[in-house]
Ligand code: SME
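The chain that follows stands alone, in the form predicted alone, written as structure tokens.
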């Protein structure tokens, strides 16, 4: 499902209060990740939506929606590992052009990965893949960073 920029922004704006209500009063991060993942995935129809949790020296697969995924990713490897290592959101219009991209699925064409910060450390990343090129932009970055901040608090 493709959203025009105005519709996408409006959709994120309406999701934010829903996400706040979902996570308010629930201290379990995994439960909150699962609900947020399901809400984002069903609302936008992304190819893959999920989380990787920082566990020692690697990212370990957390709650997700979509096809089977890579289970472990090293720091600095692929888009997720890069977002973790650099502590910055990665917006990738064409995953084939991203150096060291990890192809968990050949159907993935573009990707956005947003770090979740707590106490000055990245504790997880939100990873969303699309089966179309250039799906993600600064609208997604802005709203997904707000969602990540809600989850991590």
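Residue numbers count along the first chain shown, from 1. The model shown is predicted, which means the values in this text are computed figures rather than measured ones.
The following text describes the form predicted together with the ligand, which does not appear among the structures shown.
Note on the interface: of 37 to 45, 115 to 123, 98 to 106, 24 to 32, the segment with non-hydrogen atoms within 4.5 angstroms of the ligand in the predicted bound form is 98 to 106.
Heavy atoms of residue 52 reach within 4.5 Å of the ligand in the predicted bound form, making it an interface residue. The ligand in the predicted bound form comes within 4.5 Å of no heavy atom belonging to residue 85. In the predicted bound form, the ligand sits within 4.5 Å of a heavy atom belonging to residue 69. Taking a 4.5 Å heavy atom cutoff to the ligand in the predicted bound form, the contacting residues in 122 to 152 are 127, 129.
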